[in-house]
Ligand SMILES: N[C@@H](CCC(=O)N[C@@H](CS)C(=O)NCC(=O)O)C(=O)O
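The chain below stands alone and is given as structure tokens, in the form predicted alone.
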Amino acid sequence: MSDIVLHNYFRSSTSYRVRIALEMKGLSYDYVPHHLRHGEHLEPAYLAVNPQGLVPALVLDDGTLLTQSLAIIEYLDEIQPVPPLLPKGPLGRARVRMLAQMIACDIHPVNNLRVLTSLRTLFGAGDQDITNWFRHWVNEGFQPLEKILASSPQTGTFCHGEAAGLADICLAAQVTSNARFGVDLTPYPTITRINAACMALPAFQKAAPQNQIDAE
């Protein structure tokens, strides 16, 4: 039994982000799955834990609830500083947060499951419509992200230097989601290279969707 409980779903990219951070920090946790497509996150038992009805949700040993993947990851970075997920300097930290938020705040919100479901139920979108929507918003975000990463001397093996951090966590989780919708990564060689470097790391592999207990 761990002091940390992670409510999540194997395929959720935001859950994947938090799992990566937990693995990188070497923190043990109890894995509690909620099947989003079956609506388990909207059942009263889970809403009593997280009234927002979203994953991930991290519950600490004193019952404190933390939601929102970026907030959870920065909390983990503060309680377990090694390895650091943000650079030391303020400018580097701002750059990494910028890159992470380009994915977490601009791409993901319009492509998460509840939005895609709403396209279908409220507007009659079909499977191909939803796939086109997903690809459109990924490309809208990846085009400038690729340019920034490719042109910056601060980009190294990873998004910022030679160690994986917050931006890489967000990037790898998004690329994994992209694969389900057949997003073509050919126009994004820098993103592809960084993602490959991330996926060579044990923490990213162990946290991957296909390696979770609720994987289908």
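Numbering starts at 1 and runs along the sequence shown. Just so we're clear, the structure is a prediction, and the values are computed from it rather than from any experiment.
Not pictured, yet referred to below: the form predicted in complex with the ligand.
Considering the ligand in the predicted complex, the lone stretch of 51 to 59, 151 to 159, 24 to 32, 183 to 191 in range is 51 to 59 [heavy atom distance within 4.5 Å]. Taking a 4.5 Å heavy atom cutoff to the ligand in the predicted complex, the contact residue among T131, Q101, Q143, N112 is N112.
Although the partner is absent here, R19 sits far enough away that none of its heavy atoms falls within 4.5 Å of the ligand in the predicted complex.
When the ligand is considered in the predicted complex, H108 lines it closely, a heavy atom lying within 4.5 Å. Taking the ligand as positioned in the predicted complex, the residues of 34 to 48 that bring a heavy atom within 4.5 Å of it are, in sequence order, L36, H41.
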